[in-house]
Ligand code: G1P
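To begin, one chain is listed below as structure tokens, in the form predicted alone.
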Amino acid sequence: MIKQAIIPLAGLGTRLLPLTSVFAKELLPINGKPGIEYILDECIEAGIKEIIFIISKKKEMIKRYFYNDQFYKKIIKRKKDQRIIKEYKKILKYKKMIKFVYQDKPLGTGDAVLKTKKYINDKFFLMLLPDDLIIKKNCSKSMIKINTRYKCSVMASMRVNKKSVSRWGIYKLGKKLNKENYFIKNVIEKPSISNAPSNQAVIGRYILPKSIFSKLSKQKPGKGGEIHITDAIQSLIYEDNKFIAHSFSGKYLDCGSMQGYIKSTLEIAKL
């Protein structure tokens, strides 16, 4: 059973400027609740016991959010407000689960993952990208069940418009396991429309093997001068490591852009 998750949080959130000029995008409220808490709740419901946040010195605000004990204690002592007490207890629950590591140079998601190497104990771990919310059904929980059954890596998959494939990592699918799951032949980071092997895209949920760290430690920068997790995954696939593309049944929300952030709030308000 997978018990550890990592969440890369060092990105600057330029798609959400000007809000992110002074505020961490992961703490922006979505229907009155910080976006990162939706990701944390997904982890907890999926059975995760430890979560590693990858932040930068510019994102220290995220750490302060979980370590603002004196502020809460003073308010609670003065006001005895039950709502505030409840919120503080929730934050304390989260804090017990979280470790922090730092990525101070923006060298890509692969580099961020590599920063967690010494903390990962088991053969597989979960990674969640905070810009991608999946509501109505717990995608991480479904993927952990697949990993338990097939003993291999799993990544979330969603059909996207062919005109937008250059925004995504795109799968070439192999053998069909059932209507929701396929083995992956390869994955290409942000291909052109003409080079895309399909319109099935990687969405921000991954169950990855611990062996990926050896690939990342030797990997050279790819597109944009960054270390891409997709390139390390492709290296493992070439060596016959099995990866499954899981077509999840929850509703996907992109809260990393201004339009998506507004839409996410409206959608979650309906729940």
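What you see is a predicted model, and the numbers here were worked out from it, not measured in a lab. The first residue of the sequence shown is number 1, and the count goes up from there.
The following text describes the form predicted together with the named molecule, which does not appear among the structures shown.
*Asks:* Only one of 72-80, 142-150, 160-168, 94-102 gets a heavy atom within 4.5 Å of the named molecule in the model of the complex; which is it?
*Replies:* Partner-contacting stretch among the options: 160-168.
*Asks:* When you measure heavy atoms, are 189, 204 and 230 every one within 4.5 angstroms of the named molecule in the model of the complex?
*Replies:* Yes: 189, 204 and 230 each sit within 4.5 Å of the named molecule in the model of the complex.
*Asks:* Give a yes or no for residue 196: in the model of the complex, does one of its heavy atoms lie within 4.5 Å of a heavy atom belonging to the named molecule?
*Replies:* Contact with the named molecule, no.
*Asks:* In the model of the complex, is there a heavy atom of the named molecule that lies within 4.5 Å of any heavy atom of residue 129, even though the partner is absent here?
*Replies:* Yes, residue 129 lies within 4.5 Å of the named molecule in the model of the complex.
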